[in-house]
Ligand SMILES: Nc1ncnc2c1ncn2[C@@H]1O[C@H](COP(=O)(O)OP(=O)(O)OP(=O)(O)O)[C@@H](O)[C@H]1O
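Starting off, we have a lone chain in the form predicted alone, written out as structure tokens.
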């Protein structure tokens, strides 16, 4: 079953087509890589799929619903969550609170119930906390729940951002350069984490990445973008041996 279908989406900025006729279909639990040179339009594609930008042409369907033109928060509620190139945590908040904020939509108690601290309020807050701690345990971070986010090592900040995205219960997780700034050991650990969360949470993953060892190590399918157009797509082996891809991106 398809989780995401984008058909012929394009976007124009000041007369320049940043992305042109981009199409993609991602099935349940699939892990797809989006690669290409800097400035190829990869993050623009993410922004289109998540409602940050509105496509000039084309359509986007998520979990059977047309989300073309919808706002980011609406798309999150329908099942897509993302991370960013530059980590965007609530740096002054604790690790636990960063995850709890993302799961805020699951609470159904009223403002009055929160003010009066009713039984319903405490029950839902307890459930949310337990869910957040369970998410942190997947990443081996439960012992850091009370730590301030900005004090975490870089690799753990990346993991926290992914945990926060998963707190929204997505069926599609979009990761924008998750290995950026990581050393080889952290990258290997990240690969294992991505594989684990796909299996554990049954979530499809679309990731932008320049680290080809990560891309070829975990992706089942790879799409190559160049100057806003799809240059090639296929298995990692097919893409990395494609002469056009080698010339445009991978080097001789």
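Positions refer to the first chain, counted from 1. Computed from a predicted structure; not experimentally measured.
Below, we refer to the form predicted in complex with the named molecule, which is not included among the displayed structures.
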May I ask you to check whether residue 198 falls inside a 4.5 Å heavy atom distance of the named molecule in the predicted complex? no
So in the predicted complex, does any heavy atom of residue 38 sit within 4.5 Å of the named molecule? yes
is_contact(residue 103, the named molecule) in the predicted complex, heavy atom dist at most 4.5 Å: no
Does residue 210 reach the named molecule in the predicted complex if we count a contact as any heavy atom within 4.5 Å? yes
Heavy atom within 4.5 Å of the named molecule in the predicted complex: which of 188, 43, 56, 59 fits that? Just give me the one. 43
Taking 4.5 Å between heavy atoms as the contact cutoff, choose which of 113, 169, 94, 85 touches the named molecule in the predicted complex. 85
Partner contact check in the predicted complex: of 24-32, 43-51, 179-187, 60-68, the stretch with a heavy atom within 4.5 Å of the named molecule is 43-51
